[in-house]
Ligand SMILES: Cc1cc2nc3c(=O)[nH]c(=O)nc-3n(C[C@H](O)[C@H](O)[C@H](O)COP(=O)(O)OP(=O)(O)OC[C@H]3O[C@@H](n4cnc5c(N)ncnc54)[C@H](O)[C@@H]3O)c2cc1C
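So this first bit is one chain, no partners, the form predicted alone, shown in structure tokens.
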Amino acid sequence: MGFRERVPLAPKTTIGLGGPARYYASAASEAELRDALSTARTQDLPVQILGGGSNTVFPDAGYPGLVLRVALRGVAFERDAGGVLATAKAGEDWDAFVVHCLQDGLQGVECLSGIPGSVGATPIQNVGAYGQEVSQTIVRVRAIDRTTLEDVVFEGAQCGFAYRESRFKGEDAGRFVITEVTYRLQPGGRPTLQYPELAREAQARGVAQAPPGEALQRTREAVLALRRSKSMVYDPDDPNAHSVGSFFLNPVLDEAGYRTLRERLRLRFPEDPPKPPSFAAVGGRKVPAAWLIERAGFHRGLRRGGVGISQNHTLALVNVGGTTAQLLSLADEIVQGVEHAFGVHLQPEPVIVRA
């Protein structure tokens, strides 16, 4: 397939940063994916896979190889003994897929409304929000092995899911190109309202009193309202939405790490040390990164040149006419500041592409 040359990458991402790709291609079928991967291998080109562009930061110099967009489309539904199997091609828009499922009265993804990006990215990050993760519903992931160009299938239990983690982001990072994801959803199921903030918003909208299908729609409306209040629904006209969403993962601390955090807080705030909020997690306690960032002295609306922290969400680093170098410098400043203050090391959530 033909490659386009010197294609600007900034317009293909929600944060709007990055220089041009040496080569760019969009694959609408598995045959085109294999053809592009094979051609790139023949020409000894590095390949960066791109989905919806909502979780990717490209360097200012651009990308020296092939940026390959996965544009496979199609959605199918099939009933089985455990519910409904909803299968979507990797290039499908995630939120459009959620809308389709909710219109059919299918429960399992309602709390993930409004998340930008493509279906194929959801298993990689184990996308989650407001008490739901895709690992709870994914039963199968199809992919192309980039080393052999063969089709491979992973059952949900083989994906190595953890908090914002999977085998596709961990030990097998870069090896597979996801082509299709199957989720098991529940017809007529009640919405998941475990997250306190969402539960309060849902209560105000009468979700508990609504019949199942309407309850799912009202839950979506509640989720979208919360996300919009934080500029976490992509809107090109909202300067606080020019981001990759949450830039940092919430750290999971073991008991020793949590004690260290409490001790550092007592030293930093001797008169009235705050108690850090925490939630049970595999391996210890999950502490909100936004809470740590704010108490380390980084406030909403902070600016460093052409980048900064969103005015509506501490975890969102925004582009207001800056560069990738400025963004990564600010991110590093925040990481060092939180580590110096509390002994906690923050990890970035987006894919940061190196030149």
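In case it trips you up, residue 1 is the first one in the sequence shown, and so on. Keep in mind it's a predicted model, so treat the numbers as computed, not measured.
Omitted from view is the form predicted together with this ligand, to which the following refers.
Undergrad: Name the stretch, out of 52 to 60, 38 to 46, 284 to 292, 326 to 334, where some heavy atom lies within 4.5 Å of this ligand in the model of the complex.
TA: Heavy-atom contact with the partner occurs in 52 to 60.
Undergrad: Kindly confirm or deny that D95, P191 and R220 each have some heavy atom within 4.5 angstroms of this ligand in the model of the complex.
TA: Checked in the model of the complex: no contact with this ligand for any of the three.
Undergrad: Counting non-hydrogen atoms within 4.5 angstroms of this ligand in the model of the complex, say which of L226, A129, V252, A86 makes the cut.
TA: So the residue touching this ligand in the model of the complex, by this definition, is A129.
Undergrad: Taking 4.5 Å between heavy atoms as the contact cutoff, choose which of G156, P116, G105, P276 touches this ligand in the model of the complex.
TA: The option sitting close enough to the partner is P116.
Undergrad: Within a 4.5 Å heavy atom cut-off, is R164 in contact with this ligand in the model of the complex?
TA: Judged by the heavy-atom cut-off of 4.5 Å, R164 is in contact with this ligand in the model of the complex.
Undergrad: Under a 4.5 Å heavy atom criterion, is L185 part of the interface with this ligand in the model of the complex?
TA: Residue-level check for L185: no, no contact with this ligand.
Undergrad: Taking the shortest heavy atom distance, is V70 within 4.5 Å of this ligand in the model of the complex?
TA: Taking the distances in the model of the complex, the answer for V70 is yes, it comes within 4.5 Å of this ligand.
Undergrad: Is there a heavy atom of L216 lying 4.5 Å or less from a heavy atom of this ligand in the model of the complex?
TA: No, L216 sits far enough from this ligand in the model of the complex that none of its heavy atoms falls within 4.5 Å.
Undergrad: Output the sequence-ordered list of residues from 90 to 127 with at least one heavy atom within 4.5 Å of this ligand in the model of the complex.
TA: Counting only heavy atoms within 4.5 Å of this ligand in the model of the complex, the contacting residues of 90 to 127 are A90, I115, P116, G117, S118, G120, A121, T122, I124, Q125, V127.
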